[in-house]
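Shown below, as structure tokens, is a lone chain in the form predicted on its own; questions about how it binds or moves come after it.
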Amino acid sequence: MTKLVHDGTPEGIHAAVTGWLELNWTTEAERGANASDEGMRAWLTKVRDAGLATPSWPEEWFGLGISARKAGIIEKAFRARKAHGWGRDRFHLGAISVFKMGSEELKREVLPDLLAGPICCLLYSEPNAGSDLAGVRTRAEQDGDEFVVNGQKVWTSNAVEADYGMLLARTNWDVPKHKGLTFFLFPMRQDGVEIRPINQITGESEFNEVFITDARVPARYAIGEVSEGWKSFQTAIAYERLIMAQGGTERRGRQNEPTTPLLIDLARRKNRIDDTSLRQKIAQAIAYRQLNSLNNKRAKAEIAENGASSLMSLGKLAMSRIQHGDARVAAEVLGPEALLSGTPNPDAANASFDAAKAYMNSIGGGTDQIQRNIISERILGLPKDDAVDRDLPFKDVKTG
């Protein structure tokens, strides 16, 4: 499969990608992609090889070398056809981290596979290192050309389905906590990896505990330099916050909300659209989303230039406020009906689900409180809190 041929203009890209989809996203291809993992992998391989999975990347790395704005043309065309595989340069955290920070050898070895299917879970948080991820105690000790890993991770989304995990582990205990960490692409499907699902209030089990006992990861799978992984990790978490700031944790149908927002539709169907108080609250909710969209554009531009952006903390914090706020307004529109649930009451069930799901955005990728600290220090320039352990060798840091 050859790269998509286009003339570089928005019109030319649109014509080329719609023509490509017309030729390739056939009824048979759609049926195969939706029927099996093998069918989906075959389709994603086609998308990858055409440069359509990561169009903003250089051609030598499966891209088309076009701008993010022009890549949006491809996204719209894929969405219109309900085709899979677009936006992996925005949403596949494993592939993005390897592309941005991995060695040439690692990129050649794993990017083709990552872009053709496997997902990566995030092995960051630990029972005693959630808000302070630099305090992780999962240990990775070098044994020849591999590292042996022991430790526990928690709140790991999609660990059961993941082929790889993006692992933050300590490889040097004799330096301060930010300096002794290594960021690995960690193979999940091996002996020594035990996954225990966590039941959530929404009824889902996206989160998991992961216990790692004498598992192994090749030394060449380090993303960035050994014991200098904090920088690589910051790039990865910036993209995670970008995804969350864009509503990536919202239920399907809420993400990239349509022109007529769901709250307006709900108020119309419940005959509450003429309630002036509710109209004002709905208008405010829409304004928050629009403002957050503009801020996300600023953050994307800064990430493209610098590899990371503290502005993502603004976007992630704003999305938490948006999700909690929308759920409150929906409950107010519904009135007593909001207390109902189940299949006979889809509006109430959706409102309840959104209210519970909003806490995922408030916790994942760094809590709302952590985002406020980042905003105050890195954006507003306020003084940092005292950190007595910042310059101590990590082995000397006292824990409770």
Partner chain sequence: MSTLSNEERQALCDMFERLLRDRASLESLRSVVAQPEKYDRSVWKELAELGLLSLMINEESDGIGGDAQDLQAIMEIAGRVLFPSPFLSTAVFAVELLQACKNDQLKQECLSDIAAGETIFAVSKGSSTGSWLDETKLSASKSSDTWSLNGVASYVVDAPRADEILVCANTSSGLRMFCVSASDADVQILETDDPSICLGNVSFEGVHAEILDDLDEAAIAHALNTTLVGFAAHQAGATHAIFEQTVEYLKTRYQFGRPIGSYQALKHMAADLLIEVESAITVSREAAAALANGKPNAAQLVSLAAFACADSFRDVSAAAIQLHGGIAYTMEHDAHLFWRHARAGQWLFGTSDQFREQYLQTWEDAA
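These figures come from a predicted structure and were not determined experimentally. So that the term is clear: the rigid core is the largest set of C-alpha atoms that superpose within 1.5 Å between two forms. Numbering follows the first chain given and starts at 1.
What comes next is about the form predicted together with the partner chain, which does not appear here.
Heavy atoms within 4.5 Å of the partner chain in the model of the complex map, among the stretches 202 to 210, 71 to 79, 86 to 94, 221 to 229, onto 202 to 210 alone. Taking the partner from elsewhere, residue 15 is found to have every heavy atom lying beyond 4.5 Å of the partner chain in the model of the complex. By the criterion of a heavy atom within 4.5 Å, residue 382 is counted among the residues contacting the partner chain in the model of the complex.
Among heavy atoms of residue 216, none comes within 4.5 Å of the partner chain in the model of the complex. Looking at residue 45, you'd find every heavy atom of it more than 4.5 angstroms from the partner chain in the model of the complex. Put simply, of 22, 11, 386, 391 only one has a heavy atom within 4.5 Å of the partner chain in the model of the complex, and it is 386. This chain is displayed alone, yet in the model of the complex one of 132, 161, 194, 113 has a heavy atom within 4.5 Å of the partner chain; that residue is 132. Each of 280, 290 and 372 comes within 4.5 Å of the partner chain in the model of the complex, counting any heavy atom. Applying a 4.5 Å heavy atom cutoff to the partner chain in the model of the complex picks out 321, 328, 331, 332, 335, 336, 337, 338, 339 from 319 to 339, in order along the sequence.
After superposing the rigid core, the C-alpha of residue 353 moves by 2 Å or more between the shown form and the other one. A movement of the C-alpha atom of residue 380 reaching 2 angstroms or beyond is seen between the shown form and the other one when the two forms are aligned on their rigid core. Core-superposed comparison between the shown form and the other one: CA of residue 122 displaced by less than 2 Å.
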